[in-house]
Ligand code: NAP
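First, one chain by itself: the form predicted alone, in structure tokens.
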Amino acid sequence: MANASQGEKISFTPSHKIQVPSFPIIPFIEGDGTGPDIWAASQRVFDAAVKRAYAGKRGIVWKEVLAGEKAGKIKNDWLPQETLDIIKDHSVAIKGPLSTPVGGGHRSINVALRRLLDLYTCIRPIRYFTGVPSPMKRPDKVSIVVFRENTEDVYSGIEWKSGSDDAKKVIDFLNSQMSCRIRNSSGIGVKPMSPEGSKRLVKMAIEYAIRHRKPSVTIVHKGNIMKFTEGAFREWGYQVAKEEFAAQTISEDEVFEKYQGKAPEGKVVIKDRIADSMFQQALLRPEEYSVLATPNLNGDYLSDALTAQVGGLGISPGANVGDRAAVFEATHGTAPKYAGQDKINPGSVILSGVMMFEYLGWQEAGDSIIQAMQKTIEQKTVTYDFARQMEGAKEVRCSEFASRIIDNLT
């Protein structure tokens, strides 16, 4: 951990290019339930990896901010404005899992963070670590990055309760003015999807594919049924590729019409799949997909389904990214029954930290953690979630798993 007096804020240029000092101040939220355990383990790994990679020439100055249960107890507010302001001011943050208050307040702290900071893209890289227990015969074929739109679709939270006055007003309007046939007892939800929201998501996915030399970007949608929302998402995605990346991309149709099914060297293939078909493809032919661009709900389902194939949420990283801010996070829940037991796999937060290092341009630190985690798993020194499924494994605590990763850093 770097000295606090050395710390500086991360910033962005007007063109959204990140500027990272040698000792950036990075806010963190340790999380609820098992969050304190996995954060403590993860932070040790991060600091060790940075120290090993840069020999003291770089370091992170950690700054705790509050959200969730801890904020509720200390600030009487589960998501204080101060926390939002600090994250916005420092541009990059990382967090453990957060619970949501029952009853009033935010529907979801995580959703509120994304909406209030305009973190419009959820990025989930899903890959297999050799030796991780999996229900699949060939989990090693899965190497897919999901780009999920974060701010629109049914997760925008526009809905009215069955029997409420507002629901009745909406139903009456739709039935009388728009020739709909909706039962008067219905709950009502609105699914907004805009060209602005959809295009910026697909643009980020294509930029990622070009930068990382991925062979394709697949637009996932249910446009055969929802033609003016998800169908439009598909059309807007193709428009982005054609208008902004014509030199770097090619449509799947063109590949078959002009190149006998083999994409020209250096071109990213833009294709699309109906959502239910994509679920089947994810099981049967995952090697044919590298980057998925999805609306909010489809991306939620698909990323978890893909993660299940490679070992589950315990080692599933995630990032919520906008033009001028990013929050990296554990993708699993708080598991309160294990709170304080030093038991839970810290892999989700650790690998989210790898994504953070890549975002900062500190690739060496991120790569060393990936290599160390792979070696640790191959040594069968793992937390209970893996140990119970691995023959000959040694079960270790959350903190001990982190210590072994640190020992294996190159």
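The first residue of the shown sequence is 1; numbering continues from there. It should be emphasised that the depicted structure is a prediction, and the values quoted were computed from it without experimental measurement.
Although it is not shown, the form predicted in complex with the named molecule is what the next lines describe.
*asked:* Checking a candidate spot here: are K88, S352 and L360 all in contact with the named molecule in the model of the complex (at least one heavy atom each within 4.5 Å)?
replied: No, the whole trio is out of contact, none within 4.5 Å by any heavy atom.
_Please determine whether D342 contacts the named molecule in the model of the complex, using a 4.5 Å cut-off between heavy atoms._
Output for D342 is no: heavy atoms all beyond 4.5 Å of the named molecule.
_L98: touches the named molecule in the model of the complex, heavy atom cutoff 4.5 angstroms_ = Flag for L98 set to yes.
*Is the gap between G187 and the named molecule in the model of the complex 4.5 Å or less for some heavy atom pair?*
No, no contact at 4.5 Å.
*Please check if A293 has a heavy atom lying within 4.5 Å of any heavy atom of the named molecule in the model of the complex.*
No.
*Go through P264, P336, G231, P192 and name the one with a heavy atom inside 4.5 Å of the named molecule in the model of the complex.*
Only one option qualifies, and that one is P336.
_Give me the residue from R388, K9, R397, K394 that has a heavy atom within 4.5 Å of the named molecule in the model of the complex._
Filtering the options by heavy-atom distance leaves R388.
*Residues in which of 275-283, 307-315, 143-151, 243-251 have heavy atoms within 4.5 Å of the named molecule in the model of the complex?*
The contacting stretch is 307-315.
*What residues, if any, in 369-384 have a non-hydrogen atom within 4.5 angstroms of the named molecule in the model of the complex?*
If the 4.5 Å heavy-atom criterion is applied to the named molecule in the model of the complex, 369-384 yields only Y384.
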